[in-house]
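Shown below, as structure tokens, is a lone chain in the form predicted alone; questions about how it binds or moves come after it.
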Amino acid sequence: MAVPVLDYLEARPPAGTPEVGTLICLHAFPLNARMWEPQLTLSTAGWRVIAPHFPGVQDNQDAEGSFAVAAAAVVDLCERLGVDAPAVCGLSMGGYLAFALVRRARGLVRALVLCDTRAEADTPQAREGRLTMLATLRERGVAAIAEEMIPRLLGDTTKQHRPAVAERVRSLALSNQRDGIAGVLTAMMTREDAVALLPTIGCPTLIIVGSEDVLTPPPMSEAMHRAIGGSELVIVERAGHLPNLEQPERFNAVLSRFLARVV
């Protein structure tokens, strides 16, 4: 298995601020690591924040459609950067990657944050939808995927009152490569079910979900909360599937409190 070398964003604590730990942020579909820019400010509290791009998303490299490959790439990135026992935060597709990372290197993950994601593998209906999206991608390009996804990614409050967030999400999606998006779609529709993994997660776990999320509604997060012993659940009001962009101050406050308890 060839392990790709990941590109990433990074923010380190300012001079004079002790480093308390590392936070790895795993992005959603059809976006990239830049969706975590509002969370890079957590570095001012002593966290080294690293946000990798999913393999192939922002370049023309061949992206093998596998979360196992992506998890291996994250482990390799940690080794290259000298990161030991990071907290891992995955949102939507990033949550799928977080589950794959726990499977591959459970001892590496110091704490886990699961945002607007699900443990279940794709249903036959969901796989059919992704095949349709692949056809749309081939015929009409990344812009068509962005236009299809944005109404579902954002909550009603954001769509009505924060048009700049929609434009930001559109810009992030359009910055990605067609082949990378195709690789991600293939990975998602063939990913391993993680329901049986949930009760085995023993590290501190925070589950976050937007109250207006229509892709992974709050009841899904509530079910994960019940399955992961000792986990914490926070519902972010007036946010959809991307609470870190829709309500960044609230999201950062929740995440900061959790991380402070971890250390």
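It should be emphasised that the depicted structure is a prediction, and the values quoted were computed from it without experimental measurement. The first residue of the sequence shown is number 1, and the count goes up from there.
A second form of this protein, the form predicted in complex with a small molecule, is not displayed here; the remarks below concern that form.
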Inset, instruction - With the small molecule left out here, work out from 88-96, 166-174, 140-148, 105-113 which stretch has heavy atoms within 4.5 Å of it in the predicted complex. - result: 88-96
Inset, instruction - Decide if the three candidate residues Phe54, Ala71 and Ile181 all line the small molecule in the predicted complex, where lining means a heavy atom within 4.5 Å. - result: no
Legend entry - Residue contact check: Ala119 to the small molecule in the predicted complex, 4.5 Å heavy atom: no
Inset, instruction - Please check if Arg127 has a heavy atom lying within 4.5 Å of any heavy atom of the small molecule in the predicted complex. - result: no
Legend entry - Partner proximity in the predicted complex: Met188 to the small molecule, non-hydrogen atom cutoff 4.5 Å: yes
Inset, instruction - Verify the contact flag for Leu215: yes if a non-hydrogen atom of it lies within 4.5 Å of a non-hydrogen atom of the small molecule in the predicted complex, no if not. - result: yes
